[in-house]
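Have a look below at one chain only, the form predicted on its own, in C-alpha cells format.
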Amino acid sequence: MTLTSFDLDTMPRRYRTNFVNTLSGYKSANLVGTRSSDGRENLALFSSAVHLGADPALLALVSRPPVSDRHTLENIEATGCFTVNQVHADMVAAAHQCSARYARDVSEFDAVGLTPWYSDTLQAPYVAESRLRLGLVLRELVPVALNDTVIIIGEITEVFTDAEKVGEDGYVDIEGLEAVAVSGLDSYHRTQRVARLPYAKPGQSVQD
C-alpha cells in the first residue's frame, strides 16, 4: 500500500482518524487527573505523554483542538497542576471509558468507578488504582497554530510507585507494574521486553 497526501485528505473522517492515530505505533496509556478551581474532579485518558528531559524532570501532553470543551486544559490553567496515572491491565475498561465526553459537572471518577486520592502537596487528584502516579506543576503551555492543539509542559514534583519495581540504577520496571500500551484510539496491549541493552558508544558492539 502506498498513500499520498491526497489519499489522506480524501479519506472518510473517521477512517482517517483511526489510520493516522495508529501510524505512530505504541504509546503509553495514562489518566490525567485535574480539579477545577471550584473543586470539580476530572479524569481524562491521554496517549500523548512525551518525556522532555530529566533535569528538570519535564513531561509533555497534547491537548486536543477545541471541538468540544477542554476540561483538563481549563483545570490545569486554573490550578497550575495535574497528575499523570499510568494505566495497568486491570483498569483498562475503566480508563477507556474516561475518554467519553462527560458533562462538566460529572466526575469521571464516579462515572467509571475509580478512586480519587490526594497527596499532601498537590491539589489535583491521583487515581488510587494506578501503580505509577506522577504529580506535576504546570511550566508552559505551547499553542500549535497548525491544528489548534496545545502542548502542556509540566514538571514532575512527586512520584508514587512500588519501590520493588525501581532498580538500583533508577530503571522503573513498567512491565512489572503491568502498564499497558495503546495503539490507535481504542486498542490496548500488554508488553513483553525484547532486550535491555548497554549504553551505546561508537565502535562498541551492542553485545559487549
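Residue positions are given as counts along the sequence shown, with the first one as 1. All of these numbers come straight from a predicted model, not from anything done at the bench.
Below: the form predicted together with a further copy of the same chain, not depicted.
- In the predicted complex, a further copy of the same chain sits within 4.5 Å of a heavy atom belonging to Q192.
- Contact annotation: Q86 falls within 4.5 Å of a further copy of the same chain in the predicted complex, judged by heavy atom distances.
- At the 4.5 Å threshold, heavy atoms of T10 stay clear of a further copy of the same chain in the predicted complex, well away from it.
- At least one heavy atom of R139 is located within 4.5 Å of a further copy of the same chain in the predicted complex.
- Taking a further copy of the same chain as it sits in the predicted complex, the stretch 84-101 comes within 4.5 angstroms of it through a non-hydrogen atom at Q86, V92, A93, A94, H96, Q97, S99, A100, R101.
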